[in-house]
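Just one chain is shown here, as structure tokens, and it is the form predicted alone.
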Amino acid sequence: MDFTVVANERLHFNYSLLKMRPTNGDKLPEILPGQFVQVEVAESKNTFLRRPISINFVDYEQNIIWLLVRNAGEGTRHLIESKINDVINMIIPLGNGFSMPSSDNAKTLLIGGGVGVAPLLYFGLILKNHGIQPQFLLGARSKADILELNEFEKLGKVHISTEDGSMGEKGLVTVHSILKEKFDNIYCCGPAPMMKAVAKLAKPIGAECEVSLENMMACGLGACLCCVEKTVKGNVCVCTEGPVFNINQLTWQI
């Protein structure tokens, strides 16, 4: 589908929040929290492959989708420099999303590191709409790197961890004091070492834990085999079988 940029909010030197609406006026398809898109970067002559980006938020009333884009190279640099009324082509939606907690009373924690917070915003809205009050644990290098804090605070209680101590508790997100509490469900997205550490914490307390993997993807359709991940059932493509996995499906040494 072609999408028209209706807003580009520069949240940080390295991050932009793109808000886009289908160009031809079609309604957005059903989108699950945790799914992603493959974005064509037509303006970059050196970017031949589409770029996978998590779906940050969906506003069905306004028929708008949000993408939180990090400047990670030439392709994403062109995306964060998009202008109002630019048209961007995307394959949407792709992958499988997060599972809902089995109980409306489930104590639920969503953990995001860096740009890994992106898929958690829309998921937080879905949880809240189902009567589940989520808590969020957001981690970053510094206060300046905490993204969309105001949006997360609309949905639930937010805990902060920064490596330099400029906001919230000082240290890695995985040593925040909130993790001493018992949760029924934990959902996580961010750097692989962080997710593995969270999984290790979730296992002993019996929390259901899902992680959103960020393996390199080229096609998003399971054809190129760039994103293969080893699981207990063998090798699978993250783009088609994930990106969200229960930690019990993975072969991580927890």
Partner chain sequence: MANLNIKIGNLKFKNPVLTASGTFGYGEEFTDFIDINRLGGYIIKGTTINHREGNPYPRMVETPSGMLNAVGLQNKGVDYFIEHIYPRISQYDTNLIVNVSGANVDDYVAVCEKLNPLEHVKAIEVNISCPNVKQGGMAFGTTCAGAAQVTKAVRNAYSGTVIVKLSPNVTDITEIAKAVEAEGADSVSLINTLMGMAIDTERQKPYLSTYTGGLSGPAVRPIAVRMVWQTAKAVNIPVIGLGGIMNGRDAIEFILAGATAIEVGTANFIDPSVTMKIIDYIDEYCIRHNVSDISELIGAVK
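Residue numbers count along the first chain shown, from 1. All of these numbers come straight from a predicted model, not from anything done at the bench.
Keep in mind the form predicted together with the partner chain is missing from the figure; the text below concerns it.
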Exercise. Which one of A202, C227, V58, I53 is close to the partner chain in the model of the complex, taking close to mean a heavy atom within 4.5 Å?
Worked result: C227
Exercise. Taking 4.5 angstroms as the cut-off for heavy atoms, does A192 touch the partner chain in the model of the complex?
Worked result: no
Exercise. Just to confirm, N63 within 4.5 Å of the partner chain in the model of the complex by heavy atoms?
Worked result: no
Exercise. M217 near the partner chain in the model of the complex, any heavy atom under 4.5 Å?
Worked result: yes
Exercise. L49 near the partner chain in the model of the complex, any heavy atom under 4.5 Å?
Worked result: yes
Problem set entry | Proximity to the partner chain in the model of the complex (heavy atom, within 4.5 Å), stretch among 208 to 216, 192 to 200, 28 to 36, 63 to 71 | 208 to 216
